[in-house]
Every structure is written in structure tokens, then in C-alpha cells.
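In C-alpha cells, the next block holds one chain alone, the form predicted on its own.
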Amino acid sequence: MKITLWYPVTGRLSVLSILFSVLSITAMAQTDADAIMMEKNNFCTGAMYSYSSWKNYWEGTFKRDNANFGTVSTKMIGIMGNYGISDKLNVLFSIPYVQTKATAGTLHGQKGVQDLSLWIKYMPFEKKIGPGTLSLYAVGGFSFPVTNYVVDYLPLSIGLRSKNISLRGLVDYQVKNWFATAGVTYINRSNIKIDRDSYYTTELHLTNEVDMPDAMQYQFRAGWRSDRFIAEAVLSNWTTMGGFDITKNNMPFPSNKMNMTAVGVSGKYNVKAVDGLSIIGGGNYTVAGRNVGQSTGIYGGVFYILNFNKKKKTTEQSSDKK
């Protein structure tokens, strides 16, 4: 649906590639995963803060805690933007600063700028069908690390340093203000290099290069959407296509199989007193997983839309007067 607003949340950030240590962004509404388009010559930008933590995690399919870590928490501050090339074509970006921490043990958390994520979002189809409107979307994304952070330090790494290419299809149906959106994403991940010459997965590897498995993401969201207010519930699943389980009493490894299912709620309000200003917030909870932490997360952010159409019209009007 074409609505003059943006609904951003901690971007794709490629944070999903480090499910063990960073908040699962999939359970939040986000621009590259929702059925909202920025209008032509409008640019929305802002900042997002999120916090997530977990104490229990799945070692393979076995759920347990770990006294060596205590509670692992992640804080994230993200800068995001979305520009409308046209009403049906948007370009988006996000870049986060991430900090991790453990309350027990001798391992120190990490902090730093993580990965830059870029997307192109296209709406090729929108038509009135039955009592509502059906819309289809195609989204292509690319993310890559922008700093040389340490990857082989899970669950306290801030990222996995893989370069990711994602392809997503979305279908949205809206009846009056009620809507439902379903999406499927394929994520191709490049190999990474770690700071040692050998490692063991299910066999010994005499190299510093790690083969990263690709992944699939499935998401369903439904709720109320209007020009002023959005409220939705989100169900999300991330499934790694390959990898191996964490071995008993061992640390996680970048190429582990990392599966998770999360539920969440999101809300957004366009401030009536300030045209273009919006406030968002929400949270999520991991209900099932494999080789990931059972995290609980909350987030909030402030965003503002710059309408360059208004400036263009003002300039044209001034020229006409002359």
C-alpha cells in the first residue's frame, strides 16, 4: 500500500547473521520487510536504540544456561534512511553501532560499528481485489562489514563479517485499515576468514576460511495501519541452510546452524503537531531456537521525513513571481 510515512526499525543490519549475540530484528517491523513505500522525493531518516538480553540458550536442541556467561546483553544504536526515487521504487540504508556484554566470567564484550546494509525496494503490482487492495513487492539487499571487528568470539562478537546478498518477495492485503503481510527471503552469505590457521567443526579444517551456510527468513505480520498510527503483531522465523550444532560445553562458532522463531509487537505514531515526525517502539521474544539465545528485546526510535517536493514547488512558485 502507498502511504506517506516510513516505518523503520533497526534495519536489516545483517544482525540476523549473529542471532546468538544480537537482538533478533526479524520480529520488528522494518522498512525492507514491510508493505510501506516512501513517496517520490521524500527522504526519511532517524535513529533507533534497541536492547536485548538472554540467559538461557539452545546448545543444538538442548536448552540450557551457562554460568561462564551469566546474562548476555546487546545494545544497538542504528542510523537509517529511506529515499523515494518514485512512488514504486525506494532505496534504503542502515548502519548500527553494537555493544555486547556478559555479566559473568572473564570474557569481555565487544563494541563498534558493524555492517552497512543497502536495499532496493520495488512495488510492481497494486490492485483493488474484493473488499481490499493486494500489493506485491520485490526487495534486493546487500550488506558488508565496515570495520575489522573480531568474528570468532561468539556469543560476544558484534557480527559475522560475511557479505550478504538477500532477495525477498512480499505480498500484502489491506481491507480498510486492517492488513496482513507475508514475506520470504533468501540470504546468500560469503565465506569469512578467522584469526587462526585451523579449526574443528565436525571435522578438522587446516585453513582460516570458514564456509558460511546460506539462510531463509519467513515472516508474517498483521494489524492496523493508517496515516497516523500503525500497530502490528509479527511472527518471524530464521532458518540456516546447513551448519552444525554447538558441541557440548563449547563456544558457538560462526558457521553453526542457527535457527529461531520469534514473536513480537510493533507500534508507530506520526506526531500531529510536527509534520513528518514519527515515534516508533516495540519488543520481541524468541520462542524456539537451535544454537541461539532465548532473547527478549525492546526498541524505540525517532524519525523525520524531509519532503523535497515542497522545496521544489516553493522554488517554482518563486520563479513564477519573478
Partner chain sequence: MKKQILFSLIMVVGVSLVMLHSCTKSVAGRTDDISALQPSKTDANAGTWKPILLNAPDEFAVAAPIATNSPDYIAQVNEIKAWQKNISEKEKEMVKYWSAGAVLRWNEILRELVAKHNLPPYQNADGTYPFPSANNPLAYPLFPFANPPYAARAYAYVSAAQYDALVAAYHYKKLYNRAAPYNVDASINVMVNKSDLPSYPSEDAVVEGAAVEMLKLLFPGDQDFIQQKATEHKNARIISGANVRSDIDAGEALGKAVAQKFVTRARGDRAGAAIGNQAGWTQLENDAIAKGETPWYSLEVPKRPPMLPLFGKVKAFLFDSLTMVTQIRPGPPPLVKSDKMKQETDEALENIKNDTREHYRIVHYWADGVGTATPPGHWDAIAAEDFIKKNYSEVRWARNMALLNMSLMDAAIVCWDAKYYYFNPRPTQLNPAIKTLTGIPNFPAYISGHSTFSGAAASILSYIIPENADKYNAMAKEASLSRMYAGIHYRADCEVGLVTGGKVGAYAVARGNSDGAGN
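Computed from a predicted structure; not experimentally measured. Residue numbers count along the first chain shown, from 1.
Below: the form predicted in complex with the partner chain, not depicted.
- By the 4.5 Å heavy atom rule, the three marked residues 110, 189 and 250 all count as contacting the partner chain in the predicted complex.
- Residues placing heavy atoms within 4.5 Å of the partner chain in the predicted complex fall in a single listed stretch, namely 195-203, out of 171-179, 222-230, 195-203, 71-79.
- Distance criterion of 4.5 Å from any heavy atom to the partner chain in the predicted complex singles out 165 from the list 134, 91, 235, 165.
- By the criterion of a heavy atom within 4.5 Å, residue 272 is excluded from the residues contacting the partner chain in the predicted complex.
- The partner chain is not shown here, but in the predicted complex it comes within 4.5 Å of a heavy atom of residue 150.
- Interface membership of residue 218, defined by any non-hydrogen atom within 4.5 Å of the partner chain in the predicted complex, is ruled out.
- Although the partner is absent here, residue 95 sits far enough away that none of its heavy atoms falls within 4.5 Å of the partner chain in the predicted complex.
- Residues from 109-135 that approach the partner chain in the predicted complex with a non-hydrogen atom closer than or equal to 4.5 Å are 109, 110, 120, 122, 124, 125, in the order they occur in the chain.
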